[in-house]
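In structure tokens, the next block holds one chain alone, the form predicted alone.
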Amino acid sequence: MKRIKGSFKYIFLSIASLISVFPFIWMVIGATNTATDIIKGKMTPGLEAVNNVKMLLEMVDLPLVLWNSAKIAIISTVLLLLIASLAGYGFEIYRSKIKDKVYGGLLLTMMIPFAALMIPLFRMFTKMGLLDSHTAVILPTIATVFMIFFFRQNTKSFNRELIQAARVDGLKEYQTFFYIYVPTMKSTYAAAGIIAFMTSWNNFLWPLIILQTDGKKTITLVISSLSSAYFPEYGVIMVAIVIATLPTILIFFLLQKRFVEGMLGSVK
């Protein structure tokens, strides 16, 4: 009976894995076929991969678009990790009478949908003269309540005796943070870094609103413009999606072990 139950479990997990991986398989196969083949539902690899890449390079300045996405994602991730970890560290380590009230207020802002913030943000950045700039894309992403919450929760497992020892040894507060806290919490930083990079890399709505010049657009906006053509070249679009997916997959697999540790809240 146990063997039958075990077999059903593995069959169910295999089917679920296949369903979850299918979009990626279809994406890669589609990148090797023509638009007509994809529309017909062809599910076998074709011979059009090179032609699709050539067409993509003719239609899009791919190095510039990837550079725009990479620049925005890297700067956003670095600043977000710094600000969120400082906030999470401060909320958890330091004592204050109003700390929990301020933290509760921050958590309540998570209930506000981004759609409600778009118009005020757009008007603010327009008045600041930052419309159609990467700075306007980056600034709203450098401090999120979720990341502050994530760092504070992980800081609960941080050994406070290390801070006391650092203070006894004469380290200043910023030295304790950068020399003791940051290296100890590297798994948390890795997990948060992956989430922040993937979120920024895949960000679509806000860049669509704020970026207007073709030379400043990101890969997600370019893929969207390719699919809005009168007769979309689905093979070319699939190639663009494959290329856009590679950086996030690469970073995830490089930091996979740290990601799991960070999500579990472990401290090393």
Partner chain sequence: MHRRHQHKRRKNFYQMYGWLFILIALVLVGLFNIYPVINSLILSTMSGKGVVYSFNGLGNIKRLFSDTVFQTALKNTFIFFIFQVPIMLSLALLIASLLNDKKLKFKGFFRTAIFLPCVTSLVAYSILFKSMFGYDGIINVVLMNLHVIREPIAWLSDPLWAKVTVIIAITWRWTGYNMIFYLAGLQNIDPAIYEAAEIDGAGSFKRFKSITVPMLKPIILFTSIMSTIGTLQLFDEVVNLTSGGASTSSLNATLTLSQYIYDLSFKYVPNFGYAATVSYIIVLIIAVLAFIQFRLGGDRDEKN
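Positions refer to the first chain, counted from 1. Nothing here was measured: the structure is a model prediction, and the numbers come from that model.
Although not depicted, the form predicted in complex with the partner chain is the subject of the following passage.
Asks: Would you check, heavy atoms only and a 4.5 Å threshold, whether W67 touches the partner chain in the model of the complex?
Replies: So W67 does not count as contacting the partner chain.
Asks: Would N51 count as touching the partner chain in the model of the complex under a 4.5 Å heavy atom rule?
Replies: Because no heavy atom of N51 falls inside 4.5 Å of the partner chain in the model of the complex, the answer is no.
Asks: Tell me, yes or no, whether S157 is in contact with the partner chain in the model of the complex, where a contact means a heavy atom of each within 4.5 Å.
Replies: Looking in the model of the complex, residue contacts with the partner chain do not include S157, since no heavy atom lies within 4.5 Å.
Asks: Contact with the partner chain in the model of the complex for P120, defined as at least one heavy atom pair within 4.5 Å: yes or no?
Replies: P120 belongs to the contact set for the partner chain.
Asks: Which one, I74, A143, V182, A165, lies within 4.5 Å of the partner chain in the model of the complex by heavy atoms?
Replies: Residue within 4.5 Å of the partner: A143.
Asks: What are the residues of 93-118, in order along the chain, with a heavy atom within 4.5 Å of the partner chain in the model of the complex?
Replies: Counting only heavy atoms within 4.5 Å of the partner chain in the model of the complex, the contacting residues of 93-118 are Y94, R95, S96, I98, K99, V102, L106, T109, M110, M111, I112, P113, F114, A115, A116, L117, M118.
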